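Okay, so we've got the same protein chain twice, two forms, each given alone as structure tokens, structure 1 and structure 2.
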Structure 1
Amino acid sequence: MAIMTRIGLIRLVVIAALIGALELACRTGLIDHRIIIAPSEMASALWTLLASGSLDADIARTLGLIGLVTALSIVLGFAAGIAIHALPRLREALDPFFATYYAVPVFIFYPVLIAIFGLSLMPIVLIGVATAIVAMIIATLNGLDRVPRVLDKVARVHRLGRIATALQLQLPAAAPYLFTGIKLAVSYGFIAVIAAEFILSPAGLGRDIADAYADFNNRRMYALILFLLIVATLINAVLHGLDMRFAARRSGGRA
């Protein structure tokens, strides 16, 4: 335990030193303020921006989109995973697609979706779901594969119906793997939505960053970047915390 905190302390010092060095380099003019502004300035710019309320609409839009994309991917991916699991022949045929899916740049289809649906929310939602859903499908298949056979017997011994078996036995057994899928769906959804907004979109935080960049408005740009990085870090921290609890339960179940 003492070692853990010591390492944590060193990590904190390292991160603080890096930020401090950047601050110093910016303040002394070693780094041109037209390239990077001092971290303290980023923070104060973000504070002013958030306090002004002018960002609220874009925050709501972007986070709402990420939420929608993630929710759709998780629900539809879970359903598709169950359906594919029940059809072994389809699954075998799909396996090569799943194995290659994250190796090909699916995002390159975003402009094609804009050509079809116009510059609306639809292309962003679709490219987000397309990016995130396959991780959820694969995780669902993995989870269902790892439901122990013995649970079938348990269900029969307790005379559980199909739905009770699924809810009380299979779902908990597959839960850790499903959670991996949820975690991936959230982070893929986040990345796809921000990237889509950044490249081409009528509004949203990604678009704001691109606009601020084009206007040479570094204070606004760095404030927005800092905001997104903080949000992403918070989301990752929450998911990581949940993951740790699942991991503890998994190893507890094994012991």
Structure 2
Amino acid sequence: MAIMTRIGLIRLVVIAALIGALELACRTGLIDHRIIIAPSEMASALWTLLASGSLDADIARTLGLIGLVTALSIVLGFAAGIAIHALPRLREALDPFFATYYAVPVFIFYPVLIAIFGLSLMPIVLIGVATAIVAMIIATLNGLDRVPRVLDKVARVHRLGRIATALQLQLPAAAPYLFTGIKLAVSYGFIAVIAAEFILSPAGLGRDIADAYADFNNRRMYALILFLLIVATLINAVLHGLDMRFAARRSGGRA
């Protein structure tokens, strides 16, 4: 535990040093303010935007979409992973597809989705799910592959049914891999929603960033980027903390 705390402090020091270096470079003119503004100026602009309440609707829209995309990707990806794992021939056919899935950008289908569904939330949700779900499917398959076979014998000895075996034995054994899938689904969902809003959306934080960029409004653009960085960092920190806590429990508190 002490090692993890020390690593966390080192990370904070490194981040603070980088922020300080960027602040100094911007304030001394080493970096042109038309390219990047100082971090303190970003924070000031973000505070002004949040205090004004002008971003409330876009924040609620974007974070709501990210939550919806993540939830759908986790649930559907987990269910699909279980089904594919139970059908070896289907998995054998799909394995090459999973291996090359992220080589093809999902966003190439965005114009088609816009033509079908229009400028609604549906194209963004579909793009987000299509981007994140495969990571959850692969994590589920990896987790189920690594469930010790001895657990099947334990289930038979205790006369556990299929559902009880899955809930009490198989899922706990596969939990580390499933949690990795959850973290990846959250990351991919976050990226996909923001990118989809940036490309072609009537509202949302991604749209706000695109508009600020087009208007050469650096203060607003970097303030919004800073907000997204803070949210993404907090989400990742929470997920990492949960992962470490579960790992410590699995190891009997020795992690």
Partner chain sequence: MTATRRAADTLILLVGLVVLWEILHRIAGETAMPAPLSTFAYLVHNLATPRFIANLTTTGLELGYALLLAYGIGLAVGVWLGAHRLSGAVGEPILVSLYSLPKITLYPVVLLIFGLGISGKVAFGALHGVLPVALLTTGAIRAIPPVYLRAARTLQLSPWQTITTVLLPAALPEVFTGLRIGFTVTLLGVLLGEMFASKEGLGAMIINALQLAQGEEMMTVAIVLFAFAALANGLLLFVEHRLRRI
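Residue indices: 1-based, along structure 1. All values reported here derive from a predicted model rather than from experimental measurement. C-alpha atoms forming the largest set that superposes within 1.5 Å between two forms make up the rigid core.
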Of structures 1 and 2, the one that is the form predicted in complex with its partner chain: 1
Taking the rigid core as the reference frame, is the Cα of Leu46 displaced by 2 Å or more between structure 1 and structure 2? no
Return yes or no for Ala57: a CA shift of at least 2 Å between structure 1 and structure 2, with the rigid core superposed? no
Once you line up the core, how about Ile209: does its CA shift reach 2 Å between structure 1 and structure 2? no
Fitting the two forms on their rigid core, what distance in Å separates the Cα positions of Val14 between structure 1 and structure 2? 4.6
